[in-house]
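Just the one chain here, the form predicted alone, laid out as structure tokens.
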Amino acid sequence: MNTDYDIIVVGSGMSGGYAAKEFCEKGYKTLVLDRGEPLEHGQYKTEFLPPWSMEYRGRVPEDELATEQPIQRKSYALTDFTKHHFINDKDNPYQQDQPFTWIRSAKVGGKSLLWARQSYRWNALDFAANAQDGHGIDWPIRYNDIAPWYDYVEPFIGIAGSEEGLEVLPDGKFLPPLPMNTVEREIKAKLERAFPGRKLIPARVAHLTQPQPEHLALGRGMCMARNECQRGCSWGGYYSSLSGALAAAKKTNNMTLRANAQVQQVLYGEQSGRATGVAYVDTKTGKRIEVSARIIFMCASTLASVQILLNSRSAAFPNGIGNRSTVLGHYIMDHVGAVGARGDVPGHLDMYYKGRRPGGVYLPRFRNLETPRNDYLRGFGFQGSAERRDWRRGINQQGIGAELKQQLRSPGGWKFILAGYGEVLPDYNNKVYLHETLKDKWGMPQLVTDVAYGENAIKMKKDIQHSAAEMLTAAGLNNVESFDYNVSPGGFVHEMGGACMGKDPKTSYLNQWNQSHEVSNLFVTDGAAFSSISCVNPSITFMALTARAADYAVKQMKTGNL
């Protein structure tokens, strides 16, 4: 069969960028389609602008984005500097049966421009938990299946981290860690003394602390600790698909990248029994375009991939391509969090730190390991940091004039925070589906989200809150206060599920190679493929599974199976 391309990759973020790199470096003509506007690495329009040059000094008024970006403004990363990197909600509507915050990128490179760069491997328990406690679909792979692929992607990404020898948080291929500051080291000693078995470690983050030849070859350089990452980073100090995977793919001359391309359907050949290509709409002209390929990799981000697959209807698949099981769209998950504690650290007023370190500390999961609780399943970890209060403490402080200015020229006291991220149980009833009549301006059926936290997550949140306050109190902090901001699902931008991997085609969408059970040349390697959610950030697992699936697809093409 003659095709326009060997491979079509839908999406250009974490997964899509890596798929493009893998196929292009192996010599395959690859088309990358992305709904976002074009963006070239190094051409970040607000990257070096000072706050006083911005209309709102870098901040965003409460009502400024109420019409155009009412959902996107809920993201921690949206500011006056970064709002152009987020979609316009008015032009990209969806419906919510229950509150769900769908954060989406407006640019090529996807959310790899906007992520918080926290990078942790999943552990053996994460892949076995569904089978052990009976919630969700049993993963068709285990940690040992993906471990070599973590080894493969981590050096390319560049992850700063410390080797700790923890079974619950496997070590990886690390660059030197970003060191803890003096207060974090003190809290580490006190906390670990009070709670044997718990460890406070440097956060593992995708920042170059010691660039290697493969990073330098792409023009990437050492992180400068500006912590302005979501504006874009011209020297690639943090990993994004623009500075990393897409740059590598571009060097091969095997990649064709089309922006402003809203993929709406995967096309299916009734005679061949395979996907023949995709149909997309050019969002600037409104023109519908069809392109063909031997293999399709869906990497549009979790909900977007599911939306496209559900809309890919044919006589053979009236409920969406490869969806005779009707499981497509179910088991949507996001982490539970925005829960923890903060407090004041006494002393250390003669100490400060240099730069704005883009990572703090991490406290790995300690719940439901050797000693299970009887009130909830799975577990959580904590992200945190110690900082000195800067001039911004004066925003809500009483005072005026020279006296206030003089006071704010010196740093305030130290504060420390721990915020938990917990694993949510897979639940078939947490789902997305297509609205029967509502469409967006380009004719794509709108997605409807119906996702809620269950009783298990609610009980876990209470333990997260209590545990954080307990640890900070034991570490000697003052004015310890716990918090729970009651963030809706989607708010942590770690959405997963919807096209889950599994062993049985009757209950899952993908096999152990991220390959459709029913359409052999269709793969899904973004978060939609995930059958559970762990309690750690997912991005390097997206990329490891993508590299693994691409390797399998290439071998199948060479043997003539695809």
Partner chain sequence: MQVLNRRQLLIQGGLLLGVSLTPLSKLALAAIEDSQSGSGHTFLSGSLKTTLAIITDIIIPATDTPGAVAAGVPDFIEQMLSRCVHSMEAQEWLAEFRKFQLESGFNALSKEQQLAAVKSLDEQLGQVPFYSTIKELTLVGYYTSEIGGSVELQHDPVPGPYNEIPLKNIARAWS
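Positions refer to the first chain, counted from 1. Heads up, when I say rigid core I mean the largest set of C-alphas that superpose within 1.5 Å between the two forms. Just so you know, these numbers come straight off a predicted model, no measurement behind them.
What follows is about the form predicted together with the partner chain, which we do not show.
- Using a 4.5 Å cutoff between non-hydrogen atoms, Trp442 does not count as a contact of the partner chain in the model of the complex.
- Using a 4.5 angstroms threshold between heavy atoms, Val60 counts as touching the partner chain in the model of the complex.
- In the model of the complex, at least one heavy atom of Asp350 sits within 4.5 Å of a heavy atom of the partner chain.
- Ser314 falls outside the set of residues with a heavy atom inside 4.5 Å of the partner chain in the model of the complex.
- Across the proposed site, Arg392, Ile400 and Leu408 without exception bring a heavy atom within 4.5 Å of the partner chain in the model of the complex.
- Of the residues Lys250, Lys431, Arg357, Arg274, just one reaches the partner chain in the model of the complex with a heavy atom at 4.5 Å or closer; this is Arg357.
- Trp235 is the sole member of Trp235, Phe195, Tyr143, Tyr152 with a non-hydrogen atom lying within 4.5 angstroms of the partner chain in the model of the complex.
- Of the stretches 26 to 34, 45 to 53, 511 to 519, 498 to 506, only 45 to 53 has residues with a heavy atom within 4.5 Å of the partner chain in the model of the complex.
- Contacts with the partner chain in the model of the complex, taken as any heavy atom within 4.5 Å, map within 475 to 490 to Glu481, Tyr485, Val487.
- Relative to the superposed core, Val60 shifts its CA atom by 2 Å or more between this form and the one not shown.
- Fitting the two forms on the rigid core leaves the C-alpha of Gln406 displaced by at least 2 angstroms between this form and the one not shown.
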